[in-house]
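Take a look at this single chain in structure tokens; it is the form predicted on its own.
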Amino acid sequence: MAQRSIREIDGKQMLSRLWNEFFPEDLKLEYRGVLIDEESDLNKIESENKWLCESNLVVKPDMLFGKRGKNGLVYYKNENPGDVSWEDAKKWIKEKSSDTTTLHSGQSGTLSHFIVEPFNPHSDEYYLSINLGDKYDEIFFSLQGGVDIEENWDSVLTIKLDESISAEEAHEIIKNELRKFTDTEKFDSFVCSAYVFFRNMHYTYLEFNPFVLEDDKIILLDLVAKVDDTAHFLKGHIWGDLEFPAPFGRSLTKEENYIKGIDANSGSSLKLTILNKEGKIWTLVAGGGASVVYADTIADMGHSEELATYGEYSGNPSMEETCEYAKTLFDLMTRDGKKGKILIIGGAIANFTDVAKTFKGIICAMNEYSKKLKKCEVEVYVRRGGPNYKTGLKNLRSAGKRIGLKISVHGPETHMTDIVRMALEKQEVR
């Protein structure tokens, strides 16, 4: 599973589009909003959204960071309707996108994407978040939503749900727990339906902070969301053109964009993040969970500054996709010509990924970059298990020796972290 953050407007528009499928008829959601970026045709947006010139507006960046209000990045006025006009909004966006912005957290970057919505005057604010856990899901609910929710966490109700229970059982538990917390039933259907939406659409995190409930109408003032992007082949046609932007303050490199493009057109998951292009330790890892284990082990052994990349190939990618992924990595790895680099090809024990097939893709890339890999004196450490793993390991060992690389190959009898230690013991000597 790979958790990927999505833009606030994408989450709100998905909810709005699918509302009638998951929520009861007596609960309404009215959502209007537009996304403005560097390529937006403002005249076209205005002509297609007449409400922009008829509403009091609120404007904020939509770039995967929170605490926008505390950072002075929410533009609104509530004195009189119309105080923030469409012209005001455009002027504010131009001003904020023209210079570097530094957040209280220390992150710096250029603001490039903004969400514009009607301003909704309200009194009470509420909080709801749902988190996908390893053993159970967690629902957090409070009658005191807003920017200070963390400081008021003692006001939050926690509901834990075993992921194996049915929707009907989940509804019953949620309603019973809410009844202990508040004597009103008006939140029941919203929380229960939001949880069904969360699970059905393969979200891993969904937060409404704050949201407003007035009579039978839900108003989502703020939304934070992450989805399991390995479920794209299941839900991509429902998600629509869902973007997974880079975190604020960081732009994707050419290589990262290339892998992102392959990933977008694949039923598998291929991810690449470049941490240090001059690092000595490079990882070619199968599986999102395994990628965390390898990165954590490298960091625990005191080599985090030498870790060059973080990423994964999983979900049984084709030989061609794996080859392209590996070639991208090898090109980056050998570009500076420096010697003494380590390549860890790892993974857990696969359930359905054909190890021999994916290793055939890695061998394809090795053959193409054989001269550069040998010139850089790259040492290769391999650990993998799963379908056809013996054939895959045998072929990879033969390819490494044929090319002239120092290669150490191991199956599931060797623990994942042991292969890291083997590799880094060599690094210590150097």
Partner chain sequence: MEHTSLFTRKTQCIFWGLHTTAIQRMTDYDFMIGREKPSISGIVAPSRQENFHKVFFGKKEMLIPLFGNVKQAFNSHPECDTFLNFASFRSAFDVTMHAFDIEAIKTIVITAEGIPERLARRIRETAKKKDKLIIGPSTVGAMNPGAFKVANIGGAVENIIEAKLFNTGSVGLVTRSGGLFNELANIIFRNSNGIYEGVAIGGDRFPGSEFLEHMLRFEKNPDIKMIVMLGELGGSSEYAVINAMKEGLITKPVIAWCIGTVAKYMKSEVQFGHAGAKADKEMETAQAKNKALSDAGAIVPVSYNDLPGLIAETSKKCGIKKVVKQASGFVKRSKIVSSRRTATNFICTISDDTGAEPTYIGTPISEVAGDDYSIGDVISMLWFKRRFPHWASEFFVLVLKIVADHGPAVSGAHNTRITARAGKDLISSLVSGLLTIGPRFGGAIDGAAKYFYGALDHMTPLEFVTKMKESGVNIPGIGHRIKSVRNPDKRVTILKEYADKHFPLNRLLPYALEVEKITTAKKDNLILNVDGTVGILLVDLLLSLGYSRKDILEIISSWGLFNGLFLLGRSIGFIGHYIDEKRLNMPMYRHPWSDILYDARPEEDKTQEK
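Residue numbers count along the first chain shown, from 1. Computed from a predicted structure; not experimentally measured. The term rigid core refers to the maximal set of C-alpha atoms that superpose within 1.5 Å between the two forms.
The same protein has a further form, the form predicted together with its partner chain, not shown here; the description that follows concerns it.
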Should Q13 be counted as a contact of its partner chain in the predicted bound form, where contact means heavy atoms within 4.5 Å?
no
Although its partner chain is absent from this view, report whether R421 comes within 4.5 Å of it in the predicted bound form, heavy atoms only.
yes
Determine whether any heavy atom of K135 comes within 4.5 Å of a heavy atom of its partner chain in the predicted bound form, and answer yes or no.
yes
Taking its partner chain as it sits in the predicted bound form, is G404 in contact with it (heavy atom to heavy atom, 4.5 Å or less)?
no
Would you point out which of 383-391, 45-53, 396-404, 29-37 contains residues with a non-hydrogen atom within 4.5 Å of its partner chain in the predicted bound form?
383-391
If you check R179, R199, H122, K186 against its partner chain in the predicted bound form, which one has a heavy atom within 4.5 Å?
R199
Only one of T297, T101, S129, S268 comes within 4.5 Å of its partner chain in the predicted bound form by heavy atoms, so just point that one out.
T297
When its partner chain is considered in the predicted bound form, the residues of 292-319 having a heavy atom within 4.5 Å of it are V292, V293, A295, D296, T297, A299, D300, M301, S304, L307, Y310
Once the core is aligned, does I36 move its Cα by at least 2 Å between this form and the one not shown?
no
Kindly check if the Cα atom of G315 is displaced 2 angstroms or more between this form and the one not shown relative to the superposed rigid core.
yes
Please state whether G267 has a C-alpha shift of 2 Å or more between this form and the one not shown, with the rigid core used for the fit.
yes
Look at the CA atoms of V292 and D241: state whether they lie closer or farther apart in the predicted bound form than in this form, given a difference of 3 Å or more.
farther
